[in-house]
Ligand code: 3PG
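To begin, one chain is listed below as structure tokens, in the form predicted alone.
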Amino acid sequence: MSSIEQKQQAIEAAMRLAPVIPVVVIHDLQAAVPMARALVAGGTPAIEVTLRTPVALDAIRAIAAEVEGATVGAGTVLGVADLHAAQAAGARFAVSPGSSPRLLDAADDSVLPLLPGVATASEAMALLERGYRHLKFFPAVPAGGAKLLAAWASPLPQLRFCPTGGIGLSSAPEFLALSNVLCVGGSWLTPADKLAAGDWAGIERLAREAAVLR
């Protein structure tokens, strides 16, 4: 089995852990561990911590070290340095909003599985040529939503997606009903007000709602 096939299997395993992968923006490092514990307790153990804040890498490091049952990944991976930093912090997977030749080359040489983003059939085909069968569909709703993914299912049957962007509790089932969708990504499980208030019980409730969507 090739390296890309092994990493694709790892990405698939993370995508199948729950119907929703929480997409998290962490501003307060102290919130990272209790937030992740709440998400795991609620049944959403694959957690994408976006690299959009100064504490994001430290948050990944803390979750990886301290939260049993969590599969923590790094989101908003935009380049080679982000990929290497995510791996060093203990991330189990990386997610990018798109892809570039340099990022894909670096991913080939890294042990960290990458879930690259696509918004068009041409982008999806280009990644399929490089061995990627599991992709992020981003931004899901603005790019065409569930109807576009449904249209891709027949001509691109090899591909499975994690649509992210503009999806909420009420719209997630439409995506999850598609044969080529394994999970969705969503920020609604960790709203900024609950993170700021330390409302871990509230976040666990949102995770429980998400965990039974399929």
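One rule holds for the numbers: they count along the sequence shown, beginning at 1. Remember, predicted model here, so these are calculated numbers, not experimental data.
Below, we refer to the form predicted in complex with 3-phosphoglyceric acid (3PG), which is not included among the displayed structures.
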Within 4.5 Å of 3-phosphoglyceric acid (3PG) in the model of the complex, all of T164, I167 and G186 (non-hydrogen atom): yes
Any non-hydrogen atom of F138 within 4.5 angstroms of 3-phosphoglyceric acid (3PG) in the model of the complex: yes
Interface membership of V23, 3-phosphoglyceric acid (3PG) in the model of the complex, 4.5 Å heavy atom rule: yes
Contact test in the model of the complex: H27 vs 3-phosphoglyceric acid (3PG), heavy atoms, 4.5 Å: no
Heavy atom within 4.5 Å of 3-phosphoglyceric acid (3PG) in the model of the complex - qualifying residues of 44-82: R52
